[in-house]
Ligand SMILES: CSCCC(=O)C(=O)COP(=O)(O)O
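The form predicted on its own is given below as one chain in structure tokens.
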């Protein structure tokens, strides 16, 4: 096993989720297909609720902004009183959601609806989040050593809390000191990591960021954040240059933290 020693100034571990704590297969094969397979039923069941109407409004506004894009799916204004009108509108929302997902878009409108659908599924016990076996024991050890643990993911903070609150390991939200999503900035922009450090109340060089995505690692490093790239089954391959340049780990157990030494 390759053991990676972490610099003594590190007091915070910042974690990516997909491909780092959670298998990409769980996200790609369970979370996202659940949305496509259940969005119509969800809209029909929750249509009259204020939250659902807010989600649809946001999607409609996004659809107007997207009108110039190839294949964009418009969402008509609130339907008349006819059942057919309502079904046509619901179908337009379904088509729009599937179109956005086919392009792997990360619009706030799409993420908000997805988050609400996942919340309903997790709280009803229809799904549980999966974590790699080394994640929870390592995080417990880090916290016992006095380190803080934060999450930074492109998934919304609400979706992150659902994963950690409804996992195959039980409710492990207590292991996380805080959550960040793209509202603080995109993960490939160095400024995002400076803002995270400010928000936590530490220096960027007090943070160790674990991610499987090298452009994110590069952005964090440019902000003077310590970085290790996580190599997991199912993750995208690395180039020879990336393998040489970055510190690589295949398990959180590979990290030797000064406070736990």
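Note that this is a predicted model, so its numbers are computed, not measured. Residue numbers count along the first chain shown, from 1.
This protein has a second form, the form predicted in complex with the named molecule, left out of what is shown; the following refers to that one.
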Go ahead and superimpose the pocket C-alphas, place the named molecule as found in the predicted complex, and count ligand atoms within 2.4 angstroms of backbone or C-beta atoms: 3 or more is blocked, zero is open.
open
Could you tell me if all three of 111, 155 and 163 have a heavy atom no more than 4.5 Å from the named molecule in the predicted complex?
yes
Though only this chain appears here, would residue 142 touch the named molecule in the predicted complex if you measure heavy atom gaps against 4.5 Å?
no
State yes or no: in the predicted complex, is some non-hydrogen atom of residue 159 no more than 4.5 angstroms from a non-hydrogen atom of the named molecule?
yes
Residue 116: heavy atom within 4.5 Å of the named molecule in the predicted complex?
no
If you check in the predicted complex, is residue 13 within 4.5 Å of the named molecule, heavy atoms only?
no
The single option of 59, 229, 31, 200 touching the named molecule in the predicted complex, heavy atom within 4.5 Å
31
Which residue among 63, 27, 52, 39 has a heavy atom within 4.5 angstroms of the named molecule in the predicted complex?
27
Could you tell me which stretch in 146-154, 170-178, 69-77, 92-100 has residues with non-hydrogen atoms within 4.5 Å of the named molecule in the predicted complex?
146-154
